[in-house]
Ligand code: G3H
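Only one chain is included here, represented as structure tokens and corresponding to the form predicted on its own.
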């Protein structure tokens, strides 16, 4: 069957959806506020899957998944005030609880979360079009991340359990929470990347207002009871609706102490500017990226093609860590492109529940015309789509397109396409791709494919001062989660990893006293009498 025919028949009839994959509409009428599930009686946002159902002569119809609350400024401020009251200027039960107590609560949450795996995975698959295999991986990776973060906090607390005596001063140095955190994750990893900020924020004693992304809202509904039952009231509060309507009022109060946001730099700038006290706002931002792959003339072409395909097209290229542009040395471009096209031909396209599927429908309606627009712009400036049916669409499905040769006049040269389009540019001198990386507004990662250490070594010394991760003969990626994940320029602010996230949501704080007999006696009495939860030598096993 020709590719065009496959694309034309990509969507199933209702009866062709496997029973195990079928989903019932979820009409969410609840939200979590101050430890209670409140009933929403206002307007709701309907949710449609990127997956359409074929109705024969009637054409395609998007699968209806349910609805969620469209909240107003009032509910937004209620959620913020609940978090502010729970923090209570640092006197609340959560910020003053011991590390051991907070860990026990999060461990309870993980236990409850695991029980809801099937429901969350199925909604992940249907809401954002992520394959069943990748949806399961996202859930399991999130659970592993929480467990690893708990273990990292235990290590951090063990280190902090001792006293330091220096220059006549006794001190105990620990980490304290920052206050109220506003956490907003991205639609491409609505569970995992949201929880990589939400969980560390909670563990460090902050209280949280949590807004799911525009796509991937319903999948959080099965976890609301787990949040309610695992944490004291006001520690976690949820918000739903249009960001412009509910987030602006929160930021303008100046009561948000930490902004954890993963999305576009434009939106992040707007949010930061709305805060009246910017120097009091700690920002943890994962933003745009235009990660380049650089294929040197001595590269293992099969390896480079395989990693480039995975790097550019995993989850349809909708990853900030995806390879967004490839620079291939002119001497090997013909062989590289031929194998790249052959590789795309072998990628399985279809519905998220199909085994081994890699290319699925896109959740963003506006992404379809956007991708068509950047491809048309590239053609206008001299490029071509060189693979069969590249860029062909059907509903929310877009077949991968290889666009060659791209140049700096094209939007694909500078814009993050965030979809299944692979721009390829030839180069003769290594200075050309290096200059691209230097001139780019973004500085997250880069991949280098080659074998000559005398060529790669000096490249590394340049690239590590432009991006925050250089991948040798491998695709760009986030994991393992113990590694730092951040970026330069407009790509990030703050660092996320299992241990770094704990630090970014807290601040080093110490209790100090002059080394005198009276002070030693006082401190000893506080510790032995367990009068303070901060000043303590308790050791977590």
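From a predicted model like this one, the values you see are computed outputs, not experimental measurements. Positions refer to the first chain, counted from 1.
Another form exists, predicted in complex with the named molecule; not displayed. Remarks below refer to it.
Asker: Any chance residue 127 has a heavy atom within 4.5 Å of the named molecule in the predicted complex?
Answerer: Contact with the named molecule, no.
Asker: Taking the named molecule as it sits in the predicted complex, is residue 397 near enough to touch it, meaning that at least one heavy atom pair lies within 4.5 angstroms?
Answerer: It does not: once the named molecule is placed as it appears in the predicted complex, residue 397 has no heavy atom within 4.5 Å of it.
Asker: In the predicted complex, does residue 505 come within 4.5 Å of the named molecule, counting heavy atoms only?
Answerer: Contact check for residue 505: no, nothing within 4.5 Å of the named molecule in the predicted complex.
Asker: May I ask you to state whether residue 188 is within 4.5 Å of the named molecule in the predicted complex, using heavy atom distances?
Answerer: Judged by the heavy-atom cut-off of 4.5 Å, residue 188 is in contact with the named molecule in the predicted complex.
Asker: Establish, in the predicted complex, whether 141, 477 and 485 all lie within 4.5 Å of the named molecule, using non-hydrogen atoms for the distance.
Answerer: Contact check passed for all of 141, 477 and 485.
Asker: Hey, of 114-122, 143-151, 97-105, 312-320, which bit sits against the named molecule in the predicted complex at 4.5 Å between non-hydrogen atoms?
Answerer: Of the options given, it is 312-320.
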